[in-house]
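What follows is a single chain, given as structure tokens, in the form predicted alone.
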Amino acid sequence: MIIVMKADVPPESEEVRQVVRMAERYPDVHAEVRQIQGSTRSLTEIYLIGSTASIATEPFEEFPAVEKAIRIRERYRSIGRHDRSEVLGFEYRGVEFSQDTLHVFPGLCAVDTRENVEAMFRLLKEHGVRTTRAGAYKPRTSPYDFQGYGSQCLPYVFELAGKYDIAVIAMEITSEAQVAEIRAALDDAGDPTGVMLQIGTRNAQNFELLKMVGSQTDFPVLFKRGMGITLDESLNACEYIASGGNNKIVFCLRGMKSNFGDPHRNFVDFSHVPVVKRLTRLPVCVDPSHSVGKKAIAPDGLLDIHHATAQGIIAGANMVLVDFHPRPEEALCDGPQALLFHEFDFFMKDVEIVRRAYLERCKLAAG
């Protein structure tokens, strides 16, 4: 059961303590207080854990400071879209993330040179884009492939992000030590930008890593669906993060490892965008670059990456992670799938067209 307090009732208030005291009078029940920081307001929720099936909701709803009591029927306690629960989203570095917004994160799959990072950030600045991807840590299938420059590149990545007004950088991490390195590099640079910690598909069930990013609230988390596990297993991985206290999570669909998707690198799973939005309160991201894995062109003149992007957005995606590079032939990671700078304007205009179509579909459905 979840007890939702009225707007802006703080978690440390006497009203919350009263509800907790009442809840813990029941045998085998304990209460966990969580603050959900949305993009427009803060919400305090009290989770009753244990044998709650026989507990009535009415006594809790009689408290003046309680907005509603929700009986949980779904298995995703923290991230689930339960009956009458509010979908708040969150704000980070002045950027709102919710199931109603859309942000494009174009950038380098892997940081290779300062010059390429600056060229990428300059391009984003020219087009008014303040969100990007930049991989400093790159877990790879082969131990002999480029693994990223790690903490060595963080100082100039963050310096240039400040110079070109980048608000949020999506950056994959694989260990707690890397989070500490990111935090230290941001402090040294004067905190010029924000970082969204990316949990890559290879770490989708690294439960200790999930618990760690869930226990900190400095950085939001971009969770990439596991390449070879079910949607339910991936959503439960997000539950690990949220149950630790960090509800600032974006769920990313990046394709499934299956030869049924050939000749694409992965089987595109973007039809699950509305499914994830229906089951959870999480914004949903799509990654067409890693799903398709190549720059194949269709007879209509559009790249497969363009079509995959459109599939995600027309289904209601809230974020797009896409690879660009000034010289893909020189890229140290995933160069064949990276779009070129002169293709940027077309890509962004195509995104606008598809987003307008999605919003028109919503209006049509609403009558």
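One-based numbering along the sequence shown. If you're wondering where the values come from, they're calculated on a predicted model, not measured in any experiment.
Beyond what is shown, the protein has a form predicted together with a small molecule; the following relates to that form.
Would you please decide whether residue 183 lies within 4.5 angstroms of the small molecule in the predicted bound form, comparing each non-hydrogen atom pair? Residue 183: no, not in contact with the small molecule in the predicted bound form.
Can any non-hydrogen atom of residue 178 be found within 4.5 angstroms of the small molecule in the predicted bound form? Heavy-atom contact with the small molecule at 4.5 Å: absent for residue 178.
Looking in the predicted bound form, any heavy atom of residue 202 within 4.5 Å of the small molecule? Output for residue 202 is yes: heavy atoms within 4.5 Å of the small molecule.
Spell out, yes or no, whether the shortest heavy atom distance between residue 247 and the small molecule in the predicted bound form is within 4.5 Å. Taking the distances in the predicted bound form, the answer for residue 247 is no, it never comes within 4.5 Å of the small molecule.
Counting any heavy atom within 4.5 Å as contact, can you tell me which stretch out of 133 to 141, 94 to 102, 150 to 158, 233 to 241 lines the small molecule in the predicted bound form? Stretch 133 to 141 is the one.
Tell me, out of 109, 282, 286, 195, which residue has a non-hydrogen atom within 4.5 angstroms of the small molecule in the predicted bound form. When the small molecule is considered in the predicted bound form, the option within 4.5 Å is 109.
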